[in-house]
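Here we start with a single chain on its own, the form predicted on its own, put down as structure tokens.
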């Protein structure tokens, strides 16, 4: 029975520090507390569709289906929304070329108000493309049919982090998520590494676009080993970093105009990646904006991770990546990162070892490693130990609140992540946003989180207004809050609420306050 009394003070919510209550019988519900705890980690937040599919298939088949990655779709309204974004619908090369042409035209304009206005319009357009990339990722996370895959897309976007405000990366962010990370989120880790290595967003962000013979830039080589694959203390040396940087010379980005047209002579009498007869120059590798240019490559022999690599163009890169991902340190590093994200800040070493063994046995099959993780007892033994980072909080709150109802404006959610300090493509350093609880549970963070809970719980965010404008209301009229105190809550949360949360909910004086208290509670903010 719903009961709304007077407003519970914020201090009461801040005092809700208890862990989830002990498992209890589901009072006739077919799913147990262990089922719900498992789903809260395997999904990006529970909604009715997730519960229904889990009931239909059971845990093992639900996991089989998710890891098989055969049915990755969006509701038609959301797919249409994303497909309509310029950042998604336009090839990256065309986006970059058009943007640069606009900047060239602005630069050629005489000084004055018109030039200032044109420059400002170009900057606004660039920021809008970035916002579209952020909205597309959030809409995928909230509405994607495979919630485990959506978590992995976000995990890898963070693991292979790029900073959107560096150079043209903001124009390439949507392509990075759609065509670099998403297709490999549940595939082979080596393929994911190679996809990011060929990504113009990564090559620009970590400066390998400037890495050339006699002008070595070690930035990407260092982060590829330290942050993406092996970890900090994996036994490699500075010599290995230098050798990898040499191997990566010539791995860069082609001019967008050349990426969009066939063989054509440039001002130096050369034909881009082609010879004068239209054939590709020997050794050139191209894929969209990516290019390996042997003319910029150090083709000498190298010794990397104790292995000799003969000078041989792009084959050196393939060989080096093979060596990296087959290192036991790579299996340990990636497995530990996954276990920290899904299980706890300090996952059991036995779990990490088991995942690493699977990684090595399956040649880095991400789905197989996840199967080891999600079939282990550790996945629910620590239920409630992980505090949701802002992305997990916003996505799970929207999945729970909307329960599949499509929105037309995800910009308020992008703004919410900005306010909570975890903007998508907003991490300046390449280490990605932290995975530990303490980074997101400070008092300042909690105050912002309660504000966002109120925005969602009261229904005041303009999520259903395409242009972001709020509907006109009469004086004193308030927006309709979503109905969180419904069947989904009764099945997925109510039986196992802590006493503190029950007390707080009992003090709510309106549905909007009840929603806000629930979304602010430790029961909702942990998994």
Partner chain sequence: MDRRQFLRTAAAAALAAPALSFSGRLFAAPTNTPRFLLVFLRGGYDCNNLLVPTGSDFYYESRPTLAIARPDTANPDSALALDGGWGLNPVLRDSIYPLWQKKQIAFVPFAGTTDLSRSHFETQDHIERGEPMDHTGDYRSGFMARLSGQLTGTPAIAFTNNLPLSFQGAGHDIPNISLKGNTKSHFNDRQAAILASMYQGTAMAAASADGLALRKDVTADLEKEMVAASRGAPSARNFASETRRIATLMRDQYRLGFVDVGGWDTHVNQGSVKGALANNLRNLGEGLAAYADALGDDWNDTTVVVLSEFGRTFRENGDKGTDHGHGTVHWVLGGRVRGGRIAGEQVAVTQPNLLQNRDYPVLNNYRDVLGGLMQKLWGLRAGQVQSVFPQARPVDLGLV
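All values reported here derive from a predicted model rather than from experimental measurement. Positions refer to the first chain, counted from 1.
The same protein also has a form predicted in complex with the partner chain, omitted here; what follows describes it.
Of the residues 336, 281, 222, 188, just one reaches the partner chain in the predicted bound form with a heavy atom at 4.5 Å or closer; this is 222.
With the partner omitted here, the residue from 431, 83, 322, 315 that has a non-hydrogen atom within 4.5 angstroms of the partner chain in the predicted bound form is 431. Taking the partner from the other structure, the partner chain in the predicted bound form has no heavy atom within 4.5 Å of any heavy atom of residue 71. Heavy atoms of residue 258 never reach within 4.5 Å of the partner chain in the predicted bound form, leaving it off the interface.
Contact annotation: residue 226 falls within 4.5 Å of the partner chain in the predicted bound form, judged by heavy atom distances. When contacts are judged by a 4.5 Å heavy atom cut-off, residue 447 counts as touching the partner chain in the predicted bound form. Shown here without its partner, the chain carries 117, 360 and 414, none of which come within 4.5 Å of the partner chain in the predicted bound form through any heavy atom. Contact with the partner chain in the predicted bound form, judged as any non-hydrogen atom within 4.5 angstroms, is confined among 328-336, 203-211, 153-161, 91-99 to 203-211.
Within 4.5 angstroms of the partner chain in the predicted bound form, the stretch 431-447 places a non-hydrogen atom from each of 431, 436, 438, 439, 440, 441, 442, 443, 444, 445, 446, 447, taken in sequence order.
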